[in-house]
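Here's a solo chain for you in structure tokens, the form predicted alone.
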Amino acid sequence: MSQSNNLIIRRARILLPTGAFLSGDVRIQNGKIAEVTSAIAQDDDDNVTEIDATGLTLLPGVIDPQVHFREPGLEYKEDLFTASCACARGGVTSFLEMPNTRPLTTTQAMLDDKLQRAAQKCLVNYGFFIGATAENLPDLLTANPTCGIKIFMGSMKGDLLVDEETALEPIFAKGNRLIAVHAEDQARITQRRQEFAGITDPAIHSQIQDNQAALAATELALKLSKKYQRRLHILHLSTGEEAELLRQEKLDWVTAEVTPQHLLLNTSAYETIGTKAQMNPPLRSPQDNQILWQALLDGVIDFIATDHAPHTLEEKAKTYPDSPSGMPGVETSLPLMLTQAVQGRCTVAQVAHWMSTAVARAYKIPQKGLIEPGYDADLILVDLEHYHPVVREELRTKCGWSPFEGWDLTGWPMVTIVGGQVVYDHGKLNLEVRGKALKFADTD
């Protein structure tokens, strides 16, 4: 796959910042979008590569703001290289990765280590959270560059579990860096785990970590955010109760996300895919699906993340509760959502907003998330004319499975461009491309 410094994408259906579409061409120079117009004159420069995008739609690259890529320490499940290959295939041009690796990302040294690994291995752009513990407040104030502080209020063991209000309050009280919370009440989970002990049906997972456990933690996070006027992001919102709480009490400085699986899967999935449906927070009822969808459409929920959290098939085959929670998602999230758009549940422009533009705004990532001159050329050409199923053998994630296997989807990326370089082209990865560390404006 040849590369040049300059590209021209011709005859694409281009999503403009207004939400309208333009049939036309895009010129890319030195990794930036230089021109968006109905037609660019023929260029005889040998250093210009042209892409014929006839029949394809050009969207800004997906920014996935919550992934677990397992490196360092758990590379047998996934690593930064394999995960970034999966990203490229799925149209994800940038990601924000979580701190629950081994060792934990709780210090500047560990953040630096991840950044160095990513620079060597990642085909797409990358950023990393720093994890909060009860002891590392100085690191939370000074670690840089980071997209924010991750707090596990539940569903976690060890140092990253920060579930007591007395431990949470100092984190909210000092600094102004974004705090992203996994909102589940650990005390309630522990109590209900004892109540339902001995049950091996994975469907019990959604009762143990029930809607009330999620709501209680979200209420506490909102309370502390309000008290200190602290920038808060609520990760993987999963319940109708939380959505209705936000509808009534969401503050100007609070954002929330939802995953495709919490929109499209529910507790019935345990009957068909068993422990592959097990995740934290768990899948909920069809009614929760509907309420979350409406909250997303209404802007109560701001954007979409995958919570890509792979485990091996051998691990997933263990009997509940020994089976681990989590599922892969970066390869399927965009086609899942674009299929919903084509079927009339939302629009293509809304999907691009939820999966790119709004994420860049929330995390203050400059020059990303729009197709506009001056912006970074992180772009995807998707096929909205044809359907193709999720096939295990085609997956690039190291874990090698998906909860959506067999689903017939449209909107698959045909070409993925990162920083003006083609990293994925009709099934082929360009393993020479490397993404860059994301920058975050106005962070202390």
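Residues carry their position along the shown sequence, with the first being 1. For clarity, every value in this text was computed on a predicted model and none was experimentally measured.
Keep in mind that the form predicted in complex with a small molecule is not shown, yet the notes after this line are about it.
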*Tell me, out of Gly240, Pro321, Gly326, Gly274, which residue has a non-hydrogen atom within 4.5 angstroms of the small molecule in the predicted bound form.*
Gly326
_I need to confirm a contact call. Of Thr218, Asn100, Thr255, Ser206, which residue comes within 4.5 Å of the small molecule in the predicted bound form, counting heavy atoms only?_
Asn100
*With heavy atoms only and a cut-off of 4.5 Å, decide whether His182 touches the small molecule in the predicted bound form.*
yes
_Please tell me whether any heavy atom belonging to Ala309 falls inside 4.5 Å of a heavy atom of the small molecule, as the geometry stands in the predicted bound form._
yes
*asked:* Can you tell me if Phe303 lies within 4.5 angstroms of the small molecule in the predicted bound form, counting non-hydrogen atoms only?
replied: no
*Report whether the minimum heavy atom distance between Phe152 and the small molecule in the predicted bound form is within 4.5 Å.*
yes
*asked:* Only one of these stretches, 67-75, 362-370, 123-131, 218-226, has heavy atoms within 4.5 Å of the small molecule in the predicted bound form; which one is it?
replied: 67-75
